[in-house]
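A single chain, nothing else alongside it, follows as C-alpha cells in the form predicted alone.
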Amino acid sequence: MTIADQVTGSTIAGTAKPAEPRAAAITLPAIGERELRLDLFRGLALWLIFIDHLPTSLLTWFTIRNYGFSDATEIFIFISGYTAAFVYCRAMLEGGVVIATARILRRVWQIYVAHVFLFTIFLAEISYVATRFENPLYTEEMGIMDFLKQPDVTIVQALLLRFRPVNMDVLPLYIVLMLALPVILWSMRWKPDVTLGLSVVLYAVTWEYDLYFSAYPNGFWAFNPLAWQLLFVFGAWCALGGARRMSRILASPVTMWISIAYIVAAFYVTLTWYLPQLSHLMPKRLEQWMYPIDKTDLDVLRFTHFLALAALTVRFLPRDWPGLKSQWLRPLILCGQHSLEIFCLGVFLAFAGHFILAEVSGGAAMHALISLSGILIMWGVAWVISWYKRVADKSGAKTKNAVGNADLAGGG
C-alpha cells in the first residue's frame, strides 16, 4: 500500500477490497527509489533561474519565460510542494503529527540559516565590489542602499525576512510555505480535495482583497506567499494521490490539445512583447482583461500556463524514460538533488557574472562564457556534494533515499 493509498483511503488492508489498478500520471516513488523527473526539472529550474538573473544575453532566450506566461519559479515551487509532501507525509504516517512537525521545523531552520548566510555573503560581495571599483550604482541596483544607510535596523528586518536584496526572494517564500506544511499535511490526510479547495479560496480572497506581506522599507514581498501557496499545495495534492486520480484526464487527447492550444496562444502573446508590430492583432478587450500578468500574486494565466506545460510533460515524459539514465542529463539531475546548496551558489554567481559583464566586457561572447561557466561551476559543486555524501559521509550509508527526493524539503 502506497502513501497515496493511505492518505486518500483508497485501500485499507482488511476493511476494503483494493481498487482496480489505474494508470498513474505520477506514481509515488517507493522507499529507496528516486523520482528522477523531479530531480531533472528541479535542476533545470536552478539553471534557468541563474541565467534569468544575469543581464540579457543569447542564453537568456533559451529560458521559458520568453515563450509563455510562467517561468522557472513555478517549476521550483511546484516540485518543492510535491517532494515536501511525499517526504513528510510518510513521516507523519509512521511517527505521528508531532514527530513530522518537528522534522519540518528543523528543515525550516536549516533553510532559514542558509538564507541568512547567503544574505551575509551577498552583502559582503556587493559592498566589496562597489567600494573596490568606486561604483555605488551596484548597491542601488542590488537593493542594499537601505542597509548601508541604516545597517542596525536593516539587519533586524532581514532576520524577519522583510528586507531582501535583489534575487533573494525565493527562500523566504519557501520558508513561509514550509511553516504551513504541518497544517496542510494534517488536513490532506483526511480531506485532500477539501484542502486544495481551501487553498483555492485563500488564493481568490488574496486577489479580491489585495492581501500581501509587507516588505522593508516599503512595498511588499516579490512573491506573495498567500497566492503562491496555491502552487505549493497543488504540488502536495498531486504527490498524495491527486496525480493518480487525474490520470485519466491527463491521458485524454482533449487535455493534450487544450494544453497545446493554450501554450501556443501564450507564445503568441509573448511575441507581441518583443515584436510590437504584432500587437495590433490582439483584441483590445482581451488586452485590457489580460494585463498586467502579475508574478507577485501568481496570476491565473501563469498558473494555467504551468498546468499546461505540466500536463504535456507528464504525458510525453514517462517515469521510466531511459533518457533519465543518460549521462547527458546527469548534470541537471545532480543539481536538482542538491537544490538548496546550488540555489545559494547560483545567487552568488549571478552577481559575480553581472559584475564581470559590467566592468570587463558586455559582448555576446563574454555573456555566453559567463553563463556556461556558472552552469559548469554549479554542476561541479553538485558533483562534489554528491561524492561527499556517497563516500566521505559514513553515516550516509545508513540514511536511505526516503528523504532523498526532497533536498529543499527535507535534506538529502
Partner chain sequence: MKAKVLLSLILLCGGLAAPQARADDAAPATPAVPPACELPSYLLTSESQLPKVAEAVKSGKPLEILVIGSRSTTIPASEDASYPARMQAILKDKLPPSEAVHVSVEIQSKKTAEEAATTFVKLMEAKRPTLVIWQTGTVDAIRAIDPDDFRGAVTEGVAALQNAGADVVLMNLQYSPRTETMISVPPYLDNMRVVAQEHDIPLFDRFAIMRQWNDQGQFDLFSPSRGPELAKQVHDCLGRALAQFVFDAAHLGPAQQQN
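Numbering follows the first chain given and starts at 1. None of these values were measured; they are calculated from a predicted model. For clarity, a rigid core is taken as the largest C-alpha set superposing within 1.5 Å between two forms.
There is another form of this protein, the form predicted in complex with its partner chain, and it is not shown here; the text below is about that form.
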Handout entry: The single option of 299, 146, 341, 71 touching its partner chain in the predicted complex, heavy atom within 4.5 Å
Key = 146
Practice task
Counting non-hydrogen atoms within 4.5 angstroms of its partner chain in the predicted complex, say which of 113, 137, 98, 160 makes the cut.
Solution key: 137
Handout entry: Contact label in the predicted complex: residue 254 to its partner chain, heavy atom within 4.5 Å
Key = no
Exercise for the section: Answer for residue 373 alone: is it within 4.5 Å of its partner chain in the predicted complex, judged on heavy atom distances? Expected result: no
Exercise for the section: Indicate whether its partner chain has at least one heavy atom within 4.5 Å of a heavy atom of residue 348 in the predicted complex. Expected result: no
Problem - its partner chain contact at residue 380 in the predicted complex, heavy atom, 4.5 Å - result: no
Problem - Candidate spot 227, 313 and 315, all three touching its partner chain in the predicted complex (heavy atom, 4.5 Å) - result: no
Handout entry: Listed range touching its partner chain, judged in the predicted complex by heavy atoms within 4.5 Å, from 238-246, 215-223, 192-200, 87-95
Key = 215-223
Handout entry: Contacts with its partner chain in the predicted complex - residues in 47-64 whose heavy atoms fall within 4.5 Å
Key = 55, 56, 58, 61, 62
Practice task
Answer yes if the CA of residue 212 moves 2 Å or more between this form and the one not shown after aligning the rigid core, and no otherwise.
Solution key: no
Handout entry: Core-superposed comparison between this form and the one not shown, residue 131 Cα displacement 2 Å or beyond
Key = yes
